[in-house]
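Single chain ahead, written as C-alpha cells, the form predicted on its own.
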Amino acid sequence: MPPRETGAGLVDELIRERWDYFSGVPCSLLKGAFSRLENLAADEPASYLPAPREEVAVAAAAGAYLAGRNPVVLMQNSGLGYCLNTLTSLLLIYRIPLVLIISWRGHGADAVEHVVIGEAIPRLLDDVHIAHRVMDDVHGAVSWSTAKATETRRPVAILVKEAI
C-alpha cells in the first residue's frame, strides 16, 4: 500500500527508507510532517530534534551522520538562506548526505515576503550543486532522494509546494 500523500506519509516513507534522524524548524506547509515527528513512539527506529534555527538543524544532522545516523532536515525555504553557509562549508565539503525537505513558499500566490526567495530557491540549490526535485508523489520523491544522496554522498532537496 503506498504511503499517504501527507506529511505523516512522507515521514513514514523516509523511515521505511532508513532515514532515522530528523531535525528542523517548523513551517505551516509541513505541519503534518512535524506533527508526525513530534509523536514518534519510543520504539520507532527514528528520532526527532526540534531546532531553534535551520543552521543548528543542519549542524546537528551532520553530527548525527558522523555518529552513524541517516539525517533529514525540514525547513521553510527562507531557512535555506540561514543555513547556506553550514551546508556549503560543512556538508558539501565533507560529503555528508542528508535529505532537505523544504517548503517552497513564494512559487505562486503567497505572502509578499516569500516571493523573492521563492523565485530564487531552484537557482540557489543549482548554484551550490544540491540536487533537487519537487515532491510530486511521496514514494517517488523519497526513492529519488535516497538513491541520489547515497550515490553522491551529498545533500539533496525535496521541494514541497503544497501543505502536507
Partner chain sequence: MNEASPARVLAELVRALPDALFVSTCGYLSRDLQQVGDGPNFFYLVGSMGAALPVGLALARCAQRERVVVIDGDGSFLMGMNCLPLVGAQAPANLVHVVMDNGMHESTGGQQTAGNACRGVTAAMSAGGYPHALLVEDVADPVVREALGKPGPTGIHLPIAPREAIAPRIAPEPEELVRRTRKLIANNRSNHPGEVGP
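Because the structure is a prediction, the values reported are computed rather than measured. Residue numbers count along the first chain shown, from 1.
Although it is not shown, the form predicted together with its partner chain is what the next lines describe.
Proximity to its partner chain in the model of the complex, defined as a heavy atom within 4.5 Å, singles out one entry of 133, 53, 31, 114, which is 53.
When contacts are judged by a 4.5 Å heavy atom cut-off, residue 153 counts as touching its partner chain in the model of the complex. Interface residue remark: residue 47 is counted as part of the site for its partner chain in the model of the complex, having a heavy atom within 4.5 Å. Although the partner is absent here, residue 139 lies well away from its partner chain in the model of the complex, with no heavy atom inside 4.5 Å. By the criterion of a heavy atom within 4.5 Å, residue 129 is excluded from the residues contacting its partner chain in the model of the complex. Remark: none of the three candidate residues (6, 11 and 99) comes within 4.5 Å of its partner chain in the model of the complex, counting heavy atoms only.
For the stretch 82-102, the set of residues having any non-hydrogen atom within 4.5 angstroms of its partner chain in the model of the complex comprises 85, 86, 89, 90, 93, 94, 95, 96, in sequence order.
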